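Quick heads-up: it's one chain on its own, the form predicted on its own, in structure tokens.
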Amino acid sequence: MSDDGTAADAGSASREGRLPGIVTRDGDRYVRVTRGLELPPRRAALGLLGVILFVAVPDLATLSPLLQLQVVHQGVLFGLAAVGLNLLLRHTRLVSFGHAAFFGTGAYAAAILATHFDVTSMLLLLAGATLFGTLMAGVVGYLSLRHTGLYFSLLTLAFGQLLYAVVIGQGYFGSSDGLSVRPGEANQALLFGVEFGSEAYSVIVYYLTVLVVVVGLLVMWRVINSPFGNALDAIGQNRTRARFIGIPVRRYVLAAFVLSGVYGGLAGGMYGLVQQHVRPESTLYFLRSGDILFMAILGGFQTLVGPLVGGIVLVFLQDVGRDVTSYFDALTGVVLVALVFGFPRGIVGSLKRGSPFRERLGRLAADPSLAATWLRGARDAAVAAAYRAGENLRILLFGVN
């Protein structure tokens, strides 16, 4: 580049640097969200739209009975736990089947502090939930990370079920009836010593969740784009090579495991404040761990916000399914199968630039007649699959002739 061009670019960057949040890199403009986080204008606009929709949910919920604040709130909280799980899944390639243990530990920590120790402060309940969820993650991670692969997954499942059995068998935890999170005369936690009515309480807790989620996403973004996150990527690609170049593999993976437990414990504590009653089946059972794992995959585990979107979508489908039919599990399964086939990289991952879904969408926009070709191809593939299945069945019943 010529001296004149360099000077012009420097002058342009200097002028735009005076504008808040606008920076120029290599001739392109970016929106600076925070230090080191610079997004193209289109992605920044989409992110801002998402935050606005996120904040507007309590008002939007008054417009349609289908959109219930508590359902969205639950989806966001399970999605936050899935964001923590995704740190392991995406960067270390470890699949945990027991992350409900940290979610449930956070929920029960808030309930125990409120019920047995008369703690009424919302912030203290959340701090206790996060602390105990983190400690539980440290213990489970320390014992489980002695193995990798399938044995690691089974160990996390075993520890989760062990915790579930302990809670459901002890009267201190309320056994199968669970515990209430109803401190104070108003039967609700207090924020800075202030009591709220039931409707205002749900909105206040929701906006506290919004704040927690936004901060949690920024922290997670910072973590995965740090040298620590790069080390986790190296560990996920090849543990032996990572150890060979000097990365303390087990220590780093344990740190990632504990950090994922922080998100689970905090989300569980918020869940306790929202539901005001926690039960072992809804917080600690192994199927809840499966839900959290599936949320990360459904939303797109290769993205930052995908697990959050997956949490909202899955909880919403389960809730709507209960209203539509008694076979809501089957309905949810059919919808999820369609989503998985239609969005193989998850909902958010399939919408990213360069994904097969975006490429097909671009080709369809350029030539709408491709839709008929694709439908014929799908029909021919279905007919061929049915023929192969019939042929295989004939061979199984009558043998080869």
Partner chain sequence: MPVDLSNLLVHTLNGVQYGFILFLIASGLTVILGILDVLNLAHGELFAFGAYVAFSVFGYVTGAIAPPSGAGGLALFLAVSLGAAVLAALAVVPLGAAIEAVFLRRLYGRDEVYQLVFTFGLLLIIKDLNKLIWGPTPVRVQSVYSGINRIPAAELVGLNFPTYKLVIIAVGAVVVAALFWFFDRTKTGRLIRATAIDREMATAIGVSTDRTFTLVFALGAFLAGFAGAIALPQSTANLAMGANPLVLSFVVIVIGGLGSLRGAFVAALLVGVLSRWAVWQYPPAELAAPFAIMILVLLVKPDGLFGTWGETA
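No experiment lies behind these values; they were computed from the predicted model shown. Residue numbers count along the first chain shown, from 1.
The protein also exists as the form predicted together with its partner chain; that form is not presented, and the subsequent description refers to it.
Using a 4.5 angstroms limit between non-hydrogen atoms, H147 touches its partner chain in the predicted complex.
Looking at Q161, you'd find a heavy atom of it within 4.5 angstroms of its partner chain in the predicted complex. Contact between I297 and its partner chain in the predicted complex is found at the 4.5 Å heavy atom cutoff.
When its partner chain is considered in the predicted complex, H277 lies well away from it, no heavy atom lying within 4.5 Å. Shown without its partner, this chain lists V55, V340, L66, L364 as candidates; in the predicted complex, only V340 has a non-hydrogen atom within 4.5 angstroms of its partner chain. The partner is absent here; in the predicted complex, the one residue of L155, V212, A242, V119 having a heavy atom within 4.5 Å of its partner chain is L155.
Note that among 101-109, 126-134, 87-95, 217-225, the stretch whose heavy atoms approach its partner chain to within 4.5 Å in the predicted complex is 87-95. Using a 4.5 Å cut-off to its partner chain in the predicted complex, each of L143, L336 and L393 places a heavy atom inside that distance.
Relative to this conformation, an increase of 3 Å or more in the Cα-Cα distance between L66 and V340 is found in the predicted complex. If you compare C-alpha positions, V340 and L53 are 3 angstroms or more farther apart in the predicted complex than in the form on display.
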